[in-house]
Ligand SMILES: NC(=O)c1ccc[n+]([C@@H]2O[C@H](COP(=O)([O-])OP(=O)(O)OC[C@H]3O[C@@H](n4cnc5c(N)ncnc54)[C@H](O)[C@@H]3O)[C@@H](O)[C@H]2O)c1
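Take a look at this single chain, the form predicted on its own, given in structure tokens.
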Amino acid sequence: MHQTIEKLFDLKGKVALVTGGAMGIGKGIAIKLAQAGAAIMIVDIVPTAEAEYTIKEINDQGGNANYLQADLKDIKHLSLVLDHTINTLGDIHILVNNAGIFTYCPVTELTEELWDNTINLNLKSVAFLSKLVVKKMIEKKHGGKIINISSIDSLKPSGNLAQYDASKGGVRMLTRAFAKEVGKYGITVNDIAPGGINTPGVKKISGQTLSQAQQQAMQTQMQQFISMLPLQRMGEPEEIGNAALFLASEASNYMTGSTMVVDGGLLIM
């Protein structure tokens, strides 16, 4: 039976857990999924007062958004995140692993602390939260959608981001590994590789203070980056939200283990 376009993208009755959803790309995704009818649980490390802006924006549009503050770098918190989502919203159908940090740093300045913080949030939390969600989806016998946010840096390093590139390359392969195993349960796993997106500054995203040298390197790279883009502009969070909506919807039911590149054409250069 053929479905209408409206029905294909209808997420009413679905529950979506979006990590790092209080701002930036995560916010763009949370808003788009809510507009399609999904109930949203946003999990982020930012204080509740900051997240309230996003929650209010979604709820004022007639959506259903909730917030839980948690540090996903510590995997002991992950079962609490899932339990809270199910206790609050009743189920879990869509997981968006978006939470992540990036800090510009030459490889000669890379520290173990920076490496561990980046890998623990960007990759380890994705693996272990996905594990918990997959087990719940299998238990519920309703399938589901897992959407991981990787990066064009998982395909082509941009420089001064070795620890970030390693983490996102891991996410890209983790997507395929999970997809290979869980497809038989009706669970699809895909990743989105954004290019340059207009999000809050690196200081706010990473929670770290950049040195003057790091700031200069970041600004130089940003100018060079935009000049290389065929579309000659940065992307917007809602444009990643559009891609996430496709992957969360029935329109993508025969797609798993894939990377959706949304980069303004950078990788064709």
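What you see is a predicted model; the values in this text were computed from it and never measured. Counting begins at 1, following the sequence as shown.
In what follows, reference is made to the form predicted in complex with this ligand, a form of this protein that is not presented.
- With the partner omitted from this view, the residue of V15, M23, V261, L245 that lies near this ligand in the predicted complex is M23 [heavy atom within 4.5 Å].
- Among the residues I197, L82, L161, L123, the one placing a heavy atom within 4.5 Å of this ligand in the predicted complex is I197.
- This chain is displayed without this ligand, yet in the predicted complex the stretch 92 to 100 from 177 to 185, 105 to 113, 92 to 100, 128 to 136 comes within 4.5 Å of it by heavy atoms.
- None of the heavy atoms of N190 is located within 4.5 Å of this ligand in the predicted complex.
- Among residues of the shown chain, R172 is not one whose heavy atoms approach this ligand to within 4.5 Å in the predicted complex.
- Heavy atoms of K168 reach within 4.5 Å of this ligand in the predicted complex, making it an interface residue.
- Taking non-hydrogen atoms only, A70 approaches this ligand to within 4.5 angstroms in the predicted complex.
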